[in-house]
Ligand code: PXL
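Just one chain follows, in the form predicted alone, and it is written as structure tokens.
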């Protein structure tokens, strides 16, 4: 009998503004995996462009949940970490990976920065703590800004050159020792995608660059990437799935919504994800 794969997803819940667990849960579930959420915070909306949002820190619940899971022998095929709001949550996630990640694929999305700046509430001490967590990753999925912060590299801008990206990849692979997938890679005004580095070799996956930015596409990318990896796609092929799926989500959202801070309408594209994963 074939065993259904199980994922522990450590991330926040933003009730409006499609990102974090409200993206990971439906996409990974649609791909056939059981997703066990470990929520780090509960927010009325995400923190970008929405004003007056509510926020409940769930740090105090993380260890009791993990201890309960440990008490009955819960195990996972993957551990997927996203937004972590404090140094304590970084330390918890490291401990969780030590306890539950020995036989699991560990994907770390170091959510902390974009467009050359750290998100509000984060500082260089947090970057240092995130770097320690990244050392435990089998798959590390930063955007360009996060990759630069993790490697003490000046921000490379919206358009980069190949040599700088490959230097970034080398530095990041030295941190995690696994696969590195950098998002937001672009060498010109026409194409954007990802750099994939594994065993010292860097490959690139691109799609057409669309002149609009939607919140939460990093979470969509990481979720699609993890789904493909758990279905035994190679790192490069998994990145191709993720790039193509994000591109399709953006195209569909342009047709159906004008509010970029609400995120992409990935729900309309789930069939496309299943086609890319060769499920249908």
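Positions refer to the first chain, counted from 1. Keep in mind that what you see is a predicted model, and the values were worked out from it rather than measured.
Absent from the display: the form predicted in complex with the named molecule. The rest refers to it.
Counting only non-hydrogen atoms and a 4.5 angstroms cut-off, does residue 26 reach the named molecule in the model of the complex? Outside the cut-off, so no.
Should residue 48 be classed as touching the named molecule in the model of the complex when contacts are defined as heavy atoms within 4.5 Å? Yes, contact at 4.5 Å.
- prompt: Applying a 4.5 Å heavy atom distance criterion, does residue 100 contact the named molecule in the model of the complex?
  reply: Although the named molecule is absent here, residue 100 would stay clear of it in the model of the complex, with no heavy atoms inside 4.5 Å.
Original post:
Does the 4.5 Å heavy atom contact test between residue 215 and the named molecule in the model of the complex come out positive?
Top reply: Yes, contact at 4.5 Å.
For the three residues 147, 166 and 172, verify that every one has a non-hydrogen atom within 4.5 Å of the named molecule in the model of the complex; reply yes or no. Not a single listed residue reaches the named molecule in the model of the complex, so no.
Only one of 206, 87, 187, 119 has a non-hydrogen atom within 4.5 angstroms of the named molecule in the model of the complex; which is it? None of the others qualify; the residue that does is 119.
Exercise. Counting non-hydrogen atoms within 4.5 angstroms of the named molecule in the model of the complex, say which of 79, 194, 111, 130 makes the cut.
Key: After the contact test, the surviving option is 111.
For the chain shown here without its partner, which stretch in 178 to 186, 111 to 119, 196 to 204, 147 to 155 has non-hydrogen atoms within 4.5 angstroms of the named molecule in the model of the complex? Of the stretches listed, the one contacting the partner is 111 to 119.
### Query
Can you name the residues of 80 to 99 that have a non-hydrogen atom within 4.5 angstroms of the named molecule in the model of the complex?
Stretch hits: a single one, 83.
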